[in-house]
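The chain that follows stands alone, in the form predicted on its own, written as C-alpha coordinates.
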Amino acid sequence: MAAGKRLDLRNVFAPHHTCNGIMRRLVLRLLRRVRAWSAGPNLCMAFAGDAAPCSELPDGYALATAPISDAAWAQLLSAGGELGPWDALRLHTEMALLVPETQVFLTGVDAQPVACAGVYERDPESWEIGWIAVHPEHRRRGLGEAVTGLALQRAVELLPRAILLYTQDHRLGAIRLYLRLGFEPALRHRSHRRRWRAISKSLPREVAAHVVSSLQVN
(Lines give C-alpha, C1' and ligand atoms only; values in the text may rest on other atoms or scores of the structure.)
Protein backbone atom coordinates (compact mmCIF):
# COMPACT_ATOMS: atom_id res chain seq x y z
CA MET A 1 0.00 0.00 0.00
CA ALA A 2 1.34 3.43 -0.89
CA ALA A 3 2.68 5.54 1.94
CA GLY A 4 0.18 7.96 3.46
CA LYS A 5 -2.92 6.07 2.26
CA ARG A 6 -5.37 4.63 4.80
CA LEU A 7 -6.69 1.11 4.51
CA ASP A 8 -10.20 1.18 3.10
CA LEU A 9 -12.10 -1.87 4.32
CA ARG A 10 -14.56 -1.49 1.45
CA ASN A 11 -11.74 -2.50 -0.89
CA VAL A 12 -10.66 -5.43 1.28
CA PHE A 13 -14.12 -6.90 1.81
CA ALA A 14 -16.46 -6.66 -1.16
CA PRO A 15 -19.92 -5.90 0.31
CA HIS A 16 -21.76 -7.90 -2.36
CA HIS A 17 -20.21 -11.17 -1.21
CA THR A 18 -22.00 -12.68 1.81
CA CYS A 19 -18.90 -14.18 3.44
CA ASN A 20 -16.85 -11.04 2.90
CA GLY A 21 -19.68 -8.92 4.25
CA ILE A 22 -19.74 -10.94 7.46
CA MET A 23 -15.96 -10.64 7.83
CA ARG A 24 -16.15 -6.90 7.23
CA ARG A 25 -18.74 -6.47 9.99
CA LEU A 26 -16.63 -8.53 12.39
CA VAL A 27 -13.54 -6.44 11.67
CA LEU A 28 -15.47 -3.18 12.11
CA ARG A 29 -16.92 -4.43 15.40
CA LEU A 30 -13.43 -5.36 16.60
CA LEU A 31 -12.13 -1.91 15.64
CA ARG A 32 -14.93 -0.22 17.60
CA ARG A 33 -14.08 -2.29 20.66
CA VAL A 34 -10.39 -1.47 20.36
CA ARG A 35 -11.18 2.23 20.12
CA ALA A 36 -13.49 2.02 23.15
CA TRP A 37 -10.84 0.15 25.16
CA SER A 38 -8.12 2.63 24.28
CA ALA A 39 -10.36 5.57 25.24
CA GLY A 40 -10.87 4.19 28.74
CA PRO A 41 -13.86 2.67 30.59
CA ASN A 42 -17.37 4.00 30.24
CA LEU A 43 -18.22 7.27 31.92
CA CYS A 44 -19.87 6.99 35.33
CA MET A 45 -22.66 9.20 36.64
CA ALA A 46 -24.06 9.28 40.19
CA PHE A 47 -27.53 10.38 41.29
CA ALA A 48 -27.15 13.53 43.38
CA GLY A 49 -30.78 14.00 44.48
CA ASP A 50 -32.80 12.74 47.41
CA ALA A 51 -35.92 11.74 45.51
CA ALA A 52 -36.49 10.59 41.96
CA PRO A 53 -38.38 13.03 39.72
CA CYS A 54 -41.88 12.06 38.66
CA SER A 55 -41.97 10.36 35.27
CA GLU A 56 -44.92 10.83 32.93
CA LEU A 57 -45.48 8.34 30.15
CA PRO A 58 -45.87 9.73 26.63
CA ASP A 59 -49.27 9.29 25.02
CA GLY A 60 -49.75 5.87 23.45
CA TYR A 61 -47.38 4.05 25.82
CA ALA A 62 -47.94 2.14 29.05
CA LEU A 63 -46.05 0.41 31.81
CA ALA A 64 -46.01 -3.33 31.04
CA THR A 65 -48.16 -5.38 33.37
CA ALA A 66 -47.84 -8.76 31.67
CA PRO A 67 -44.56 -10.71 31.66
CA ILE A 68 -42.17 -9.93 28.81
CA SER A 69 -40.55 -12.94 27.13
CA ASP A 70 -36.77 -13.34 27.19
CA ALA A 71 -36.75 -13.32 23.39
CA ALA A 72 -38.59 -9.97 23.22
CA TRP A 73 -36.30 -8.50 25.89
CA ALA A 74 -33.13 -9.61 24.11
CA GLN A 75 -34.48 -8.30 20.81
CA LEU A 76 -35.14 -4.87 22.35
CA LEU A 77 -31.65 -4.70 23.85
CA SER A 78 -30.12 -5.63 20.49
CA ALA A 79 -32.29 -3.36 18.35
CA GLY A 80 -30.27 -0.16 18.58
CA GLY A 81 -26.85 -1.77 18.33
CA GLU A 82 -25.31 0.40 21.08
CA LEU A 83 -25.50 -2.39 23.67
CA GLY A 84 -24.09 -5.09 21.40
CA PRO A 85 -25.76 -8.37 20.42
CA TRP A 86 -27.92 -10.15 22.97
CA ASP A 87 -28.88 -13.80 23.25
CA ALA A 88 -30.37 -15.99 25.98
CA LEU A 89 -27.00 -16.67 27.61
CA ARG A 90 -26.03 -13.01 27.92
CA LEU A 91 -29.52 -12.05 29.09
CA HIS A 92 -29.59 -14.70 31.83
CA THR A 93 -26.09 -13.73 32.98
CA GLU A 94 -27.23 -10.13 33.48
CA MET A 95 -30.54 -11.18 35.03
CA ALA A 96 -28.59 -12.83 37.85
CA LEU A 97 -27.51 -9.29 38.90
CA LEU A 98 -30.95 -7.71 38.49
CA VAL A 99 -32.57 -6.56 41.74
CA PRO A 100 -35.99 -8.27 42.01
CA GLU A 101 -39.04 -6.15 41.15
CA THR A 102 -36.99 -3.34 39.60
CA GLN A 103 -37.11 -4.15 35.89
CA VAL A 104 -39.24 -1.68 33.92
CA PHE A 105 -40.72 -2.21 30.46
CA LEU A 106 -42.76 0.28 28.47
CA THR A 107 -45.02 -1.05 25.74
CA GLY A 108 -46.66 0.39 22.65
CA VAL A 109 -50.14 -0.11 21.27
CA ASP A 110 -49.32 -3.70 20.29
CA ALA A 111 -48.20 -4.53 23.87
CA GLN A 112 -44.66 -5.22 22.65
CA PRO A 113 -41.78 -3.76 24.72
CA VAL A 114 -40.28 -0.60 23.25
CA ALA A 115 -38.19 0.67 26.20
CA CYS A 116 -36.58 -0.88 29.25
CA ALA A 117 -34.31 -0.24 32.22
CA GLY A 118 -33.59 -1.96 35.52
CA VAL A 119 -31.63 -1.78 38.76
CA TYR A 120 -28.59 -4.03 39.05
CA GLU A 121 -26.36 -4.94 41.99
CA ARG A 122 -22.79 -5.30 40.77
CA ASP A 123 -21.18 -4.45 44.10
CA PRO A 124 -22.45 -4.18 47.70
CA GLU A 125 -22.01 -0.40 47.88
CA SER A 126 -24.11 0.85 44.97
CA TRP A 127 -27.14 0.29 42.78
CA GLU A 128 -26.74 0.63 39.03
CA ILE A 129 -29.43 1.77 36.62
CA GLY A 130 -28.52 -0.49 33.74
CA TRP A 131 -29.34 -1.67 30.23
CA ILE A 132 -31.41 1.36 29.32
CA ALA A 133 -32.77 0.83 25.83
CA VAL A 134 -35.36 2.41 23.55
CA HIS A 135 -36.28 0.79 20.26
CA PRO A 136 -35.00 2.92 17.34
CA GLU A 137 -38.50 3.25 15.88
CA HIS A 138 -39.77 4.84 19.13
CA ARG A 139 -36.99 7.29 19.94
CA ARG A 140 -37.36 11.07 20.41
CA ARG A 141 -40.71 10.59 22.15
CA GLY A 142 -39.60 10.88 25.78
CA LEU A 143 -39.43 7.14 26.43
CA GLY A 144 -35.78 7.17 27.51
CA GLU A 145 -36.44 9.75 30.21
CA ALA A 146 -39.62 7.99 31.33
CA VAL A 147 -38.14 4.50 31.64
CA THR A 148 -34.94 5.74 33.30
CA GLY A 149 -36.95 7.80 35.76
CA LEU A 150 -39.13 4.82 36.65
CA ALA A 151 -36.09 2.62 37.26
CA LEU A 152 -34.58 5.43 39.35
CA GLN A 153 -37.72 5.52 41.49
CA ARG A 154 -37.26 1.82 42.24
CA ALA A 155 -33.59 2.34 43.11
CA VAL A 156 -34.42 5.16 45.54
CA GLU A 157 -36.86 2.85 47.35
CA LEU A 158 -34.10 0.30 48.05
CA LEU A 159 -31.63 0.42 50.93
CA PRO A 160 -29.66 3.70 50.82
CA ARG A 161 -26.66 3.36 48.50
CA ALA A 162 -25.01 5.35 45.75
CA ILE A 163 -27.08 5.11 42.56
CA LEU A 164 -24.92 4.95 39.45
CA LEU A 165 -25.25 4.55 35.73
CA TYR A 166 -22.70 4.25 32.94
CA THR A 167 -22.66 5.78 29.48
CA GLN A 168 -20.36 6.55 26.56
CA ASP A 169 -18.75 9.85 25.58
CA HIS A 170 -20.55 10.20 22.24
CA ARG A 171 -24.05 9.67 23.63
CA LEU A 172 -24.67 13.38 24.23
CA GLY A 173 -28.45 13.05 24.13
CA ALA A 174 -28.40 10.39 26.83
CA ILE A 175 -25.96 12.44 28.92
CA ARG A 176 -28.26 15.48 28.79
CA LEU A 177 -31.17 13.24 29.81
CA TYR A 178 -29.28 11.84 32.81
CA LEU A 179 -28.25 15.32 33.90
CA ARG A 180 -31.92 16.42 33.81
CA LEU A 181 -32.84 13.48 36.03
CA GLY A 182 -30.30 14.56 38.67
CA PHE A 183 -27.21 12.54 37.78
CA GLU A 184 -23.76 14.15 37.87
CA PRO A 185 -20.32 13.05 36.64
CA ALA A 186 -18.57 10.59 38.96
CA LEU A 187 -14.82 10.37 38.47
CA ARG A 188 -14.06 6.65 38.66
CA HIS A 189 -11.06 6.61 36.29
CA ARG A 190 -8.09 8.87 35.68
CA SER A 191 -9.40 9.64 32.18
CA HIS A 192 -12.85 10.76 33.30
CA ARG A 193 -12.10 14.37 34.25
CA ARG A 194 -10.44 15.07 30.90
CA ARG A 195 -13.24 13.39 28.97
CA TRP A 196 -16.00 15.24 30.86
CA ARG A 197 -14.29 18.55 30.13
CA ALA A 198 -14.24 17.65 26.44
CA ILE A 199 -17.92 16.65 26.54
CA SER A 200 -18.90 19.90 28.25
CA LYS A 201 -17.80 21.81 25.13
CA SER A 202 -20.61 20.11 23.19
CA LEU A 203 -23.32 20.81 25.77
CA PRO A 204 -25.55 23.88 26.13
CA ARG A 205 -23.83 26.65 28.09
CA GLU A 206 -25.77 26.28 31.37
CA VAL A 207 -25.50 22.49 31.30
CA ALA A 208 -21.78 22.68 30.53
CA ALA A 209 -21.25 25.08 33.44
CA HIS A 210 -23.00 22.64 35.77
CA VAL A 211 -20.83 19.76 34.55
CA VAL A 212 -17.60 21.74 35.01
CA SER A 213 -18.73 22.85 38.47
CA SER A 214 -19.40 19.25 39.50
CA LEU A 215 -15.89 18.26 38.35
CA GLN A 216 -14.41 20.80 40.75
CA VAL A 217 -16.31 19.24 43.65
CA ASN A 218 -15.21 15.68 42.80
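In this text, residue numbers run from 1 along the sequence as written. Just so we're clear, the structure is a prediction, and the values are computed from it rather than from any experiment.
Below: the form predicted in complex with a small molecule, not depicted.
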The small molecule in the predicted bound form reached by all of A48, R188 and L215, non-hydrogen atom within 4.5 Å: no
Is there a heavy atom of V104 no more than 4.5 Å from a heavy atom of the small molecule in the predicted bound form? no
Is there a non-hydrogen atom of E145 within 4.5 angstroms of a non-hydrogen atom of the small molecule in the predicted bound form? yes
Consider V99 of the chain shown here, and say whether it contacts the small molecule in the predicted bound form, taking contact as heavy atoms within 4.5 Å. no
Taking any heavy atom pair closer than or equal to 4.5 Å as contact, tell me whether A64 reaches the small molecule in the predicted bound form. no
Partner-contacting position among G40, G60, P53, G173 - heavy atom within 4.5 Å of the small molecule in the predicted bound form: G173
Select, from the options 154 to 162, 173 to 181, 188 to 196, 66 to 74, the stretch whose residues sit within 4.5 angstroms of the small molecule in the predicted bound form by heavy atom distance. 173 to 181
